[in-house]
Each structure stands twice: as C-alpha cells, then as structure tokens.
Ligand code: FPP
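In structure tokens, the next block holds one chain alone, the form predicted on its own.
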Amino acid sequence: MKNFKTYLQADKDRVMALMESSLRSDIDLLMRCNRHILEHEGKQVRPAVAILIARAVAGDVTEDTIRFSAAAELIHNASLLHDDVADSSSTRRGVATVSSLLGPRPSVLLGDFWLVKGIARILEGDKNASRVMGLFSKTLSDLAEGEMLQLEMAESGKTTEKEYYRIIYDKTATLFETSALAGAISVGATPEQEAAASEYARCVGIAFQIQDDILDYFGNEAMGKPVGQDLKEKKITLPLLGAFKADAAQEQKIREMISNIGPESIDYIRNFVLEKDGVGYAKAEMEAYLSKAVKALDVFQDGKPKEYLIKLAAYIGNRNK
C-alpha cells in the first residue's frame, strides 16, 4: 500500500490541515485533547474513499472534495468519542481514550465539538452543500439508531442476521457511503456514477465491519482489541451467527450464556465458533460484499483512482487490525 499512500498524500495533507485549523481553540484543555486524537489518527479510510471516488469521476479533486472529506473524518472521530463513553472503552488504536483519561463528560463534549466542526465544513461547500448536509444528517441519524438497536439486541440476546446487518450498516457502512457520495457530488458526478460510488462504499463499509467482527475472535492486544471484547459486551456478530447455522442445537444455550457472560463462557463460545467455522462463514460473506464493491466500479474508467479503489477493497478484506 506504499504507492497508495504516496498517491493520496498531498490530498490527505490538505484534509489534515483543514481538520487542524477547524479544531483550533483558545481553551488549552480542548487543544490538548485534540492533539491527543490527531497524533494517533487512524488510516483515514473514509476521506481516502471520498478522494478516490472524486478522482475516478473527474481526474482531480475540488475544494469541496477536501471540505467534505475533512467533515467525514471529523464526524467519524466524533462518533468514536461518543462510542468510547457508551462502551466504557479504555483504549482505542492501542492508546488511552479521552474518556479513560479525563472521564466521560469531556469525551462527550469533545465529540460534540468535533461534530459541529464537521458540519461547519459541509456548510462551507461551494456547491450542493445543502444536499450533502442532508446525506450527513441521515448518517448521524443512522449512527444513533444503530447504537440503540445494538444496545437493545445486547439486552435481549435475540440478534439475527437481519438485525446484525442493520446494525453494521447504521454504525459503519452509512458513513462510508456518505463519504463516497459526497466525493462524487463534489466533482459533479452523473447519477450513474453516484449510484456506483454509493454501492461501492456501502459494500466496502459492510465488509470492513465484518472483518472487524472476525478479528474479535483472534484479538489484537497491541491495538486495544482483546479476544472476545464483543462477547463481553454481549454483541452477537456474524461469526457466531454463522456457527449457529452449522449447529442450531447449541444456539439457545449459547444465547443464554451471552446474557450472563463471563470468562469461561467467552472461551466456550469462541471455541464453538472456531470449531463450527463461523469465521469461515463470515469471511465468505465479507468476500461477497467486496466482490460487489469491485463490480460497482465498472462504471468508472480504468486508471489510478479505480486501481486504488480495488486495492483498498482488497486491503479491507486482509487487514489484521
């Protein structure tokens, strides 16, 4: 992915510069919190999708592309700050969360600050700002509904594939989709190109979350993702749902175990998923979504942006953190 990073570097530098300028404040505590997050930024996948889609459509980006890409990342980080409070997360990307360092209140307030700065960047758009704001508004509603549905399902232990896919669309794929659409809109894409961008990003976003749920069965302590974290939070995800298909006789027993989850139960459920190849089931579903994502790109002309969109899909399917 070295060439991928090089190709995007100038555009992503512009996105980062806009984020940093957007977050300036004369409140020292706020700035220290901002620096803590910016110094441990992730791979900025959502801005990368927006930029690559814009380049696939028009060969270049506009100021709106940069604004909307920065907004997507600001809003993404705002949602993580809120999630860390909801999930009582002590680490993220292997680094202490603001919530664990300062408490839930500063994390919520910081999330609100990042959120409004993202909205401000959208409203500065030269063209179609109102339409793009509508897309991000829907995404914010999706994020809230997804979180609430996940909490409801964790409480009841009744998650099925229908609810699972609704949750991962609302919590993950919707922001991928809106980022891609915003990138397409920023360069005047045709309706056909917009539809392709939407389908690509929706499928990539779903695959991204399935892979994240697969990784929960293997863990990555260095990245703050211990084995069974989802199970500790009573989340029934696709690997377990796949294992149920292979051995329905165990389903009710395991659902009851999850309602009173403990270390021994986590080990039992993890072994059940691995023995029944629930991970294999989830991987097959993930790969099907990635294939759909790549197929959607047929609308775009061959070239570097399309090539890297394909490589990005492959990276998502193979990532280990």
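From a predicted model like this one, the values you see are computed outputs, not experimental measurements. The first residue of the sequence shown is number 1, and the count goes up from there.
One more form of this protein, predicted in complex with ligand FPP, exists but is not displayed; see below.
In the predicted complex, ligand FPP lies farther than 4.5 Å from every heavy atom of Q211. Put simply, S79 is close to ligand FPP in the predicted complex: some heavy atom of it is within 4.5 Å. Within 4.5 Å of any heavy atom of ligand FPP in the predicted complex lies no heavy atom of I206. The shortest heavy atom separation between A144 and ligand FPP in the predicted complex is within 4.5 Å. Taken together, the three residues E63, R121 and R131 lack any non-hydrogen atom within 4.5 angstroms of ligand FPP in the predicted complex. Heavy atoms within 4.5 Å of ligand FPP in the predicted complex are found in exactly one of 84-92, 182-190, 239-247, 198-206, that being 84-92. Proximity to ligand FPP in the predicted complex, defined as a heavy atom within 4.5 Å, singles out one entry of A154, L115, L102, V227, which is L115. Checking L215, L149, L231, L140 for any heavy atom within 4.5 Å of ligand FPP in the predicted complex turns up a single hit: L140.
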